[in-house]
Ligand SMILES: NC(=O)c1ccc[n+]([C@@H]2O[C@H](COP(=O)([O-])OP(=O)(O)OC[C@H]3O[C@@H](n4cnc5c(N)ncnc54)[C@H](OP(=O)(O)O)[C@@H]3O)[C@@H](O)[C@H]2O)c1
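The chain below stands alone and is given in structure tokens; this is the form predicted on its own.
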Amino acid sequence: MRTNLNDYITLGRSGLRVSPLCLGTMTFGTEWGWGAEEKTAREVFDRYVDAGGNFIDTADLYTEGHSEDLLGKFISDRGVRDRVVLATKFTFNGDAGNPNAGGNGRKNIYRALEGSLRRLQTDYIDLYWLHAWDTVTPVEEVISTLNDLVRGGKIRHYGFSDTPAWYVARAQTLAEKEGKERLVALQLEYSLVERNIEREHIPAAQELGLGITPWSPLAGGFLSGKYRRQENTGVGEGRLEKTKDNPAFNQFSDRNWGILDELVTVANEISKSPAQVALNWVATQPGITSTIIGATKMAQLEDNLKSIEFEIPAELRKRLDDLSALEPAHPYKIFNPEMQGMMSGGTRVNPWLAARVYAPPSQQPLSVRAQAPKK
């Protein structure tokens, strides 16, 4: 088990080495009504880097570009540009009324990248994320543009965030078939209260050699334990107070309160904070490479950094797993041992052995490699 920020791991099927916890900087700036002022943001950045962290994530959208401005200043002042793995994103519109100042078309990607490079005070991006599927841009245009940017030296690698699994699979397959630069990672929401990526995205990432960097592992702060139930909603200081009227970010449901209650109980049993246990659960799930953490206070960062220093006992982890498990759904409920027996005529197929025979170790799905017998 990884226990330190400097226990680096390669991101997907690439040579890019990143920390097991990634510093998310959506909290750098207060333009959205919450977040950290420059002084605190700098302290958070310095502490993360001093602890050995090297993976930093932002986006042109965050705090109206101020996050990138601050991050560029901090990196320049510390002289650590070659040390850090700098990631930012494009997709969201930067000029209201202009349809080509947003989305994933070639015109906007170039516009967005030039703005990010300027704010970040750098001439290249280590990992450039497509922030979200725009539903209209052909995948061929996306991978062609990003391929050109890699080969032109503007970006080193690219990945997709908040994108359907079928779109990811098509992009990776086309890139491989056409000899273009391939995706190395996915950035997706994942937490004890949001596990839907287990249906398609995690298996796809394992099959296609993609690292996964989960965002919102604390469900916007809900799993930190600082919110309290109040009638049909919740109350507490933080981001969810500002965003709870948006259905995409409202975490206050009966199901989620039940998961939080169990999380708090488990955390108390092992003398850890709820946030540490929730982060540890995500960071040690199959297929996860680097989990994004964010902080508006130094105490939050210090707490988060300790989340990979322990193991959740198996029986306690099972309680969290069982309570937060996805409901059976079609067609996934067909893929069970009983149905598989009907397909195989009662014979048994060893997936690890089959993958071992037909694929070299570096190309075997992570799920298969995890099943390999220990020497």
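As the structure is a prediction and not an experimental result, all values here were calculated from the model. One-based numbering along the sequence shown.
The following text describes the form predicted together with this ligand, which does not appear among the structures shown.
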Among 104, 163, 290, 304, just one has a heavy atom within 4.5 Å of this ligand in the predicted complex, namely 304
Heavy atom within 4.5 Å of this ligand in the predicted complex, from candidates 75, 282, 219, 169, belongs to 219
Which among 119 to 127, 260 to 268, 198 to 206, 292 to 300 is in contact with this ligand in the predicted complex, heavy atoms within 4.5 angstroms?
292 to 300
So in the predicted complex, does residue 252 come within 4.5 Å of this ligand, heavy atom to heavy atom?
no
Does any heavy atom of residue 145 come within 4.5 Å of a heavy atom of this ligand in the predicted complex?
no
Wondering, does residue 275 line up within 4.5 Å of this ligand in the predicted complex on heavy atoms?
yes
Could you confirm whether residue 131 comes within 4.5 Å of this ligand in the predicted complex, counting heavy atoms only?
yes
Partner contacts for 27 to 61, taking this ligand in the predicted complex and a 4.5 Å heavy atom cut-off:
27, 34, 57
